[in-house]
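In the structure tokens that follow, the same protein chain appears in two forms, which are kept apart as structure 1 and structure 2.
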Structure 1
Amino acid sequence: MNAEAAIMNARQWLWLIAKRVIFTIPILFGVATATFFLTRLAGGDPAYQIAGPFATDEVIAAVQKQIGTDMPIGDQYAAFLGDILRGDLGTSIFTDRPVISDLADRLPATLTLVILALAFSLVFGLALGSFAAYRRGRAGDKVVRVGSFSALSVPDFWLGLVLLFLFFFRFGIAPGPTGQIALGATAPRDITGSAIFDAAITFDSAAFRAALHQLWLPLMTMVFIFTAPITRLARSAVIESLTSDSILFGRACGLPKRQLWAYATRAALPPVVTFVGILFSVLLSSAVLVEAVFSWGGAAQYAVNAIRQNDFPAVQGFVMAAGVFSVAIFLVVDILYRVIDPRVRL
């Protein structure tokens, strides 16, 4: 490709990405609006929750004035949107810090879990799914099919507890539910809030080993759960592409079976990538439970604690952040889809 064509190509890509980002803005606006009205609709005036069940009318009025719920709902909504545009999600009642910095501290821990789980599940799911498709109808296929169908029914939080019992209590090869870094272990310098990532970028091998030791059990829990749906989807996608005209043509040309199989798996990627976009929000839901089991200390656990303490701004901030992340992932998936399948026009 000559230089001119490369520039044209880059320009096309930039335009494409810009277009998708612009399309995302109204959706983000919708997410913010939904967060506001849903939490308000379900909860009514948060002042009552903040003030507690035994508060006098004066106290409630003071709280209402402080957090601004004495204004008409339209004004509150406008104020909420204005705050969000300035990056202000309110102040947590419990930690007395801005919700946005609380979340920024804790999100990396959650994302470590979610992204690594997604990556491993994709690798295992694609491998198992295309293996099963290749051996369609034979014993290997049956094992994968029955196994992945059954794994769909396993509750993630329960699996975490069972694994804790086996690997911590019975075999003693995993740590207890002590979060990202055990008390007394070498902790890495805190840069992002994700222990394993911080250890990796500071080349701290002792801390890396300590973080890995804490990580593998919660990670295994999530990978077990999410390999199953990816396997099932990959299997049917590979079977479909194995029966497509292009593969038939390849077979007619006498290509070796292994090469055909590789082509079929490659052709099965687009539906799997689309599915990842949907799966991501399920992964975030699952992280809430897995974090609770392993005391992971990420944003999801922060939100659960916030709910127990009636910390309204923190709950609202987390719901909003989760919505924004899902939208962002959909954006990434959309663009990735174009990379994997250049025939698609966005």
Structure 2
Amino acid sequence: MNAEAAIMNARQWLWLIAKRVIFTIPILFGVATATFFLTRLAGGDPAYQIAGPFATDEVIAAVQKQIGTDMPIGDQYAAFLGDILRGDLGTSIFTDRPVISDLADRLPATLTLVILALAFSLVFGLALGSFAAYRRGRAGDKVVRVGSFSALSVPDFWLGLVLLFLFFFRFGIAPGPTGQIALGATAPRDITGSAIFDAAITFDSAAFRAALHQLWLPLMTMVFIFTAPITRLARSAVIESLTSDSILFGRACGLPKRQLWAYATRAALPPVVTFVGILFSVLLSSAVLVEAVFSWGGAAQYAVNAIRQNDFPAVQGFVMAAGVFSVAIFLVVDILYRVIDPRVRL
């Protein structure tokens, strides 16, 4: 009976994952379509920038033919979709490398920053939100509410500049904005593109310290900003859980406060987990500005440079990669939702 139940449970999980993967197809198609047409509307023809300000019409026409912008927009769109179906994100106009190779070199740096920021924000947000809910109406709750509300109004790039000015220029305790490794510092062997991860897996302690020294300031910038919304949501969810019938019944039965708090926190997790999935996409877009401030050298900074240069394939490739990661995160969120609360049918 146990074996049969395990098989049935495995089939349910496989069916759940299969449904979510199928649902992602129209979403990614919509992302690809919107990205293609918005990049064409937002920027001009990059052929003029490549050819230079003094190029003749013949030179511009030759460049347009080379990069494919001389074709009708419908033909360009069809070629773009065909390339995506083949797993080809095109060739960057300005680096002259496959976009997928450029992203593979830079995405690990961005994902390191985003995932660590998300993890720390979740831990601090849940802790502060639960604390504020447990101390509802008291001084601790008011401090957390005022602090989180104030943090919501702070732009991430502005905070990054302020922290850089204070800790680097004024006090000299933080590294300069030179990317993942400081100038002259020992760099780890390049395996994944994430300096701190490469240093960890190669047991390079000197490179790990150097990478950690470069990481803490941009990480603190993103954690400060994104802990605030998680804190406010966690506080509301825990308060709702603490006033639910199940918790009131447990309190009437004489359960310890610590146990009731643990139950209330777990019951508040589903909306917080869902919000964290949404926050991942926001963090990817926020990383664009934070990476630009700290010269991080990740995919987000690559996207900024591509936008400045009207590099259509690079911009499209970054947006598609961000879309794929966002969809994957929502799949993980769906699975976690079911793990946290088995009563939920997805």
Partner chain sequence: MRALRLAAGKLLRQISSASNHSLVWGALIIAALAVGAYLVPAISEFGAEAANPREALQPPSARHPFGTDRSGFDIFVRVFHAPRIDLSIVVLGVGIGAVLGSLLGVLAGFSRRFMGEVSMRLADIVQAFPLLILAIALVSLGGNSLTTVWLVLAFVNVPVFMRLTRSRVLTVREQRYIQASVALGNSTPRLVFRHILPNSLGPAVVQFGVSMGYGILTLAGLAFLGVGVQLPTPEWGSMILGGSNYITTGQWWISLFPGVFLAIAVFAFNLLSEGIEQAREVHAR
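Rigid core here is just the name for the largest C-alpha set that superposes within 1.5 Å across the two forms. For numbering, take structure 1's sequence and count from 1. The model shown is predicted, which means the values in this text are computed figures rather than measured ones.
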Original post:
Just one question: which structure is the form predicted on its own?
Top reply: 2
Original post:
Just one of Ile201, Ala61, Ala187, Glu240 is at a hinge of the rigid motion between structure 1 and structure 2, so which is it?
Top reply: Glu240
Original post:
Smaller rigid part's rotation against the larger between structure 1 and structure 2, whole degrees?
Top reply: 9
Subject >> Pro72 CA shift between structure 1 and structure 2 in angstrom, with the core used for superposition >> reply: 5.3
